[in-house]
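Presented below, as structure tokens, is a lone chain in the form predicted on its own.
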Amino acid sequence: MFKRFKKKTAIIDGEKVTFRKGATILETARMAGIEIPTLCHMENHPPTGVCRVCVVEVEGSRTLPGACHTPITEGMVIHTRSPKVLAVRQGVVELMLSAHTGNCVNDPNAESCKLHNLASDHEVGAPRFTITHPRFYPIEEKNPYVQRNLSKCILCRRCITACEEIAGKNIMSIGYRGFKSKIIAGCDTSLTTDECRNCGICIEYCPTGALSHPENQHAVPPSRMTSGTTVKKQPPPGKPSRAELLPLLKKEVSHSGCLSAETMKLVAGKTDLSISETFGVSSFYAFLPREGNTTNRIRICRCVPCFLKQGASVITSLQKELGIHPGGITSDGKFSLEVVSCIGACDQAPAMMINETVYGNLSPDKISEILQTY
């Protein structure tokens, strides 16, 4: 006789639900007709959990987990619209709106923006937060197939997933870090017809209208769209894997002093990765410079330990001594100055590096003496 298995159950918003092994909270809720909002999630694709809109409250948990990537377990008691959940969602949406600098007020297509609708559903008004570095980008209209307005981008990464796993092209990636993070193509250039043509799949997955069809183009026919996932390419035998990308980039820096666009194209070819992915990795790490022509590269830390020990005054002293601001190069090409997130010398805060040498326990009066040794 066949053994009868007891169905596993959980409770979502007071309703008893059954679920299959390995299911997430989001999948189970939707099967039960309970809607949990999402922005970054794509059906039939691995969850990324970057937008945090789908947070829920699980009794006994000290945090609000994301429903899209959290497995549901036997006996879970889940609340999808508790006061705590709604407050967090409102805050998340407000933060995204503050960085979403597209002109939604005058946009006739604003109603198709999922972020706009989410803000309306959760009664989120104008953001209260002041953005120090607002993200304004010019609209890219060079490509006749895809128009990009990155000022509307919320970094949900759906376009990257659609391009790589559905179109199988792997043109876009995420670049830089912090407030400078953005979706990039190639070495952070505009989309060209050499890279992206006659497709438009990414447009259909963009939730905010950051990607759109130019006026003279029509939407991609439904037959072109597929929810299936393509198998990611594996490096051919003998080629380095993705895990070896960073060591390869470091090797190129030690050889030539910086990573030019041509160098990154060369490295991308060696690893069988896209140029945008290679550039994205290089732009994330401050120790992988993309510009050269300086004799001595100064990197000074701005992290909390340095900040608490008057690191700001040391940075000011450096700027005065060199006559340049962070990101600049002295007129004689002898020094460049970069303010970075961390150099791994917190025990010597405030600290800086000149080339590969660390100088710690700095004070403004030490700067001139150090620079004179170079």
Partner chain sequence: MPEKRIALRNCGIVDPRDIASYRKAGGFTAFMKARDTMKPDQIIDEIKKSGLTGRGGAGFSCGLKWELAGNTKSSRKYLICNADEGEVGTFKDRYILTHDPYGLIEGMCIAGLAIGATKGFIYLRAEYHALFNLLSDAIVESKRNGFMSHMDIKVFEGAGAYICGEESALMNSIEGRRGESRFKPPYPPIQGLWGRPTIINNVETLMNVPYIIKNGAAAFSAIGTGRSKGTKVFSVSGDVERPGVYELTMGSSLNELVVDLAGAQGIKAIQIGGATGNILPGRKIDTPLSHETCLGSGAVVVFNQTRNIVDIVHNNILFLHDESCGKCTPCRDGLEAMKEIFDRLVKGEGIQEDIRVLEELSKVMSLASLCGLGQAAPVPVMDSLKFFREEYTNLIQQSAYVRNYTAQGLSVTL
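Residue numbers count along the first chain shown, from 1. Remember, predicted model here, so these are calculated numbers, not experimental data. Whichever C-alpha set is largest while still superposing within 1.5 Å between the two forms counts as the rigid core.
Absent from the display: the form predicted together with the partner chain. The rest refers to it.
Comment: the partner chain is not present in this chain, but in the predicted complex one of C258, C303, A268, I201 has a heavy atom within 4.5 Å of it, namely C303.
Checked against the partner chain in the predicted complex, the candidates S331, N44, S313, S341 yield a single residue with a heavy atom inside 4.5 Å, and that residue is S341. At a distance of at most 4.5 angstroms from the partner chain in the predicted complex, all three residues P247, L308 and C346 contribute at least one non-hydrogen atom. The stretch that touches the partner chain in the predicted complex, counting heavy atoms within 4.5 Å, is 176-184, out of 190-198, 205-213, 141-149, 176-184. Contact annotation: L64 falls within 4.5 Å of the partner chain in the predicted complex, judged by heavy atom distances. A residue is said to contact a partner when one of its heavy atoms sits within 4.5 Å of a partner heavy atom; V50 meets this definition for the partner chain in the predicted complex. In the predicted complex, at least one heavy atom of F129 sits within 4.5 Å of the partner chain.
With a 4.5 Å cutoff on heavy atoms, L337 does not count as touching the partner chain in the predicted complex; it lies far away.
If you fit the rigid core between the shown form and the other one, you'll see the Cα of V55 move by less than 2 angstroms.
When two forms of a protein are overlaid on their rigid core, residues whose CA moves 2 Å or more are considered shifted, and V304 is one of them between the shown form and the other one. With the core held fixed, the Cα of T18 is displaced between the shown form and the other one by less than 2 Å.
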